[in-house]
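Two forms, one chain: they're shown below as structure tokens, one block per form, named structure 1 and structure 2.
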Structure 1
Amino acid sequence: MTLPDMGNYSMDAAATDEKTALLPIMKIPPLRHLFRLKRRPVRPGETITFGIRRIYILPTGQGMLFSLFLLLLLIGSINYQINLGYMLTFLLASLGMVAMIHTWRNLLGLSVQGGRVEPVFNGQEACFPLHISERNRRNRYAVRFSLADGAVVVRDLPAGEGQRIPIHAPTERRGAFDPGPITLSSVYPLGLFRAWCYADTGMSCLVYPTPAPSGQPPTESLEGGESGGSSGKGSDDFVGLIPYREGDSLRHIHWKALARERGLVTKQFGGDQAQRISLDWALLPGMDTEIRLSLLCRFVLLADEQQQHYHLKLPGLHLPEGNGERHKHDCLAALARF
């Protein structure tokens, strides 16, 4: 039997092989990864139910003082051998444990679903509606719903009944406003413990620019327009009925014809001076970006109020001519996301 040549095998090589053998055992993840919360993306409208693993609980400041008082009471009872002191200590400790369980159960089984968020103008309060339901048919008391910016709503939830809870938050800039996860918390019944959970509902609010206080939109004549009464679209003289098109104002719909089962038609008007409202970024030179957007927002609202047709031109975007609520929302949304 021939033994392998060990002449070139040094102690350093043996130490290297030993480290290599222990390497899979030594690869322990850092401690912070063990407590990292992994949040699954939530689709809008998805229902979130708070189970055992989604509720956290810790003592409050009053709870810490209560624990310190129990510790001092226990030390005094041991030092002076007071049986009544022992009884009072364990009685209060049992009361604290029962309070902790009730605080935790006050959130267990709640279901939260985000509602539809309506767009607002910059400076107004955004409303984030929550639809709350519970499956355990148990009354819930003093449940707090709060956002990251400090908005808080406190409600009692009756057993087996759903509620719609609006949470308002101020807006500070245009664009998409994400309130972040909504925190549900409770300190019921004694305030010794605080239980909380997070509801990432995926809700977002579109914030329009702040409308300018005054201003008139620039206008340009229709190509090939005439000064006759029925040459264009206006609001002076009735011309006739045309089939309904998406974006037409609801005020111009002929409701009597719809009641007579003649279909959905729109009243056509003609004006003495047919003009087209042109909301063009290039027609407002030498202004700050936010001032331009504020003026264009004002022009959109004014043109919609006067039931006029208008189109919007932004750098890299052109919305064709139209009117109605849908067209107004499209224009304001384009200004908000610019």
Structure 2
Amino acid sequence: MTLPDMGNYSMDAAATDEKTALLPIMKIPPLRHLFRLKRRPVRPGETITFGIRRIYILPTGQGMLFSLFLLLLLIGSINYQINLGYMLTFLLASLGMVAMIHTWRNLLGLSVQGGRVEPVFNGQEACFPLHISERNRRNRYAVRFSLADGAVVVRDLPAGEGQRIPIHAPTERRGAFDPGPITLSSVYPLGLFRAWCYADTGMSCLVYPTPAPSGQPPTESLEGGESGGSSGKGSDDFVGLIPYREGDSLRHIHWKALARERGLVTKQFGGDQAQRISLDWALLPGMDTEIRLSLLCRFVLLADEQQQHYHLKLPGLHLPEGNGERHKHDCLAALARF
């Protein structure tokens, strides 16, 4: 599986981000260092550790409500001149500050690494596995992992342990699906502040087209008429598998396939001219591009299921004949990226 090159894209994005985010005061050389948050791009597979400059923090809605209550408590204490009221108010205010540090600390030092993303068909859920490791021997609580439009996962991270966290996102389009950075956030312990950081893991999911629900490959190619090749059956070379028909020799039944619950299929043997399937874009004229791709996707899957050899022809691209997992993936990937 190949991943799109996103290095350039994120480098630029990060550069502009930094420029726009800096207030004039933050540009004073000694201060600049203080205010700059790191968001440099990473390459796939690189480990990102969330250091001091990668974590953002802001109060939550509850935090705002909390500060409103603190103000009320303070006004009450001032008006009735209750020193113990001042004390409670200040205790809670300091507690808020302490909570801020704790929230920030809950993310600090975590390392994440993007995992291998399996391709999916359009409409299925893509799964982005994030490997996270806690190396500071500190329990982390309720860390929330989320994608911009994906599922949210909340996990406790026990001290010193690593975990694989699968984050699911629905797919809507074929092609390379870049989910954007994964956001790790936390409001622990008091829910008054939300700290978050972005994991630009560079993970991307290849989304194959949706296989068409029905349709048969154009007969022409099945018969292989134009190539003049014979599909004559023989018994020398194994050509492929076809569904069982009455009268097929029991010796040629593919028992292993039956055992794998693929149904009753017969091994076909032919001479030097094995049966070839040509999956050609040009043979599906007058249809919408997506429908064509969907049909081709279905044909690839069918051909693969029948363990036939097939080749794929798209405008400007020709994948030579082949079979097997690797070939199937190459074909589907070509369809996905078309």
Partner chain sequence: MRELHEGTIPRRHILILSLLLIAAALPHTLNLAPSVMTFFFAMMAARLVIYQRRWRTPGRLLKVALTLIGLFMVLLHYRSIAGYEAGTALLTVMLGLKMLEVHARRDLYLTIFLTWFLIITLFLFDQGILLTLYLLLVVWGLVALLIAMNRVITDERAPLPLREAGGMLLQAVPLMVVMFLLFPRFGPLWSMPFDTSIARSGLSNSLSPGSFEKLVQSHQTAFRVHFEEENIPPPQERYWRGPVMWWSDGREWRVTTIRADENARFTPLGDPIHYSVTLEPSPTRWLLALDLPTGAVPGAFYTKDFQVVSRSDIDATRRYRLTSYPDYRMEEITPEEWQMGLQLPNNITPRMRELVAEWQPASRSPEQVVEQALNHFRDNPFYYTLEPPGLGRNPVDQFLFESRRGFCEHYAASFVTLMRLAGIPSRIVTGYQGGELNPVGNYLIVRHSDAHAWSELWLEGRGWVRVDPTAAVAPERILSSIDPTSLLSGREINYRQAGMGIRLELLIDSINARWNRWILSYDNSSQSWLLMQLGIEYLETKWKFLLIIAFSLFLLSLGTWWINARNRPSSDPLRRLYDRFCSAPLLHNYPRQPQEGPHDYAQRTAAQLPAHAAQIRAISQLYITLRYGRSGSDPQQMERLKERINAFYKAKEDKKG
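Remember, it's a predicted structure, so these values are computed and weren't measured experimentally. Numbering for residues begins at 1 and runs along the sequence of structure 1. We call the rigid core whatever largest set of C-alpha positions still superposes within 1.5 Å between the two forms.
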| property | result |
| --- | --- |
| Matching structure (the form predicted in complex with its partner chain), either 1 or 2 | 2 |
| C-alpha of N139 moved at least 2 Å between structures 1 and 2 on rigid core | no |
| Rigid-core frame, C-alpha of I78, shift of 2 angstroms or more between structures 1 and 2 | yes |
